[in-house]
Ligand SMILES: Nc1ncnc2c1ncn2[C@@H]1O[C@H](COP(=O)(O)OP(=O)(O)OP(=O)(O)O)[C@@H](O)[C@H]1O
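Shown here is one chain on its own, the form predicted alone, set out as structure tokens.
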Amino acid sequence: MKLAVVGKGGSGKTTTSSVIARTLARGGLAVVALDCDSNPNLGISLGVGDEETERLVSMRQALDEGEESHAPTWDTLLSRYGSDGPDGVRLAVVSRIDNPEPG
């Protein structure tokens, strides 16, 4: 299942996303949360903490500035740019996904 949460700024997208992600993970599903927001705070809402959220945001900024290379595969993206959150949610802060693998 793939789920996207979209809406106006300040409408609760981050809070809603974190509740859904943690609930599904607690139910035994493998969950990957991608924070694509221009002001990425999903890590804080998921409970990975301020420092880890900032580390992930810094990695995304380095990618955007060409200081890091984009991950060629889904697994590489998660291992290189991901973080494990509470309840088994895997988090990555991304700016774009080029040529996503099906599934």
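On a predicted model such as this, the values are computed, not experimentally measured, just so you know. Note that residue numbering begins at 1 and tracks the sequence as displayed.
Below, we turn to the form predicted in complex with the named molecule, even though it does not appear here.
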request  = Give a yes/no on whether Ser83 approaches the named molecule to within 4.5 Å in the predicted bound form, heavy atoms considered.
outcome  = no
query = Does at least one non-hydrogen atom of Lys8 fall within 4.5 angstroms of the named molecule in the predicted bound form?
reply = yes
message = Since only the chain is shown here, I'm wondering whether Lys13 would be in contact with the named molecule in the predicted bound form (any heavy atom pair within 4.5 Å).
response = yes
query = Heavy atom to heavy atom, is Asp75 within 4.5 Å of the named molecule in the predicted bound form?
reply = no
note = Restricting to 32-63, the residues within 4.5 Å of the named molecule in the predicted bound form through any heavy atom are Asp37
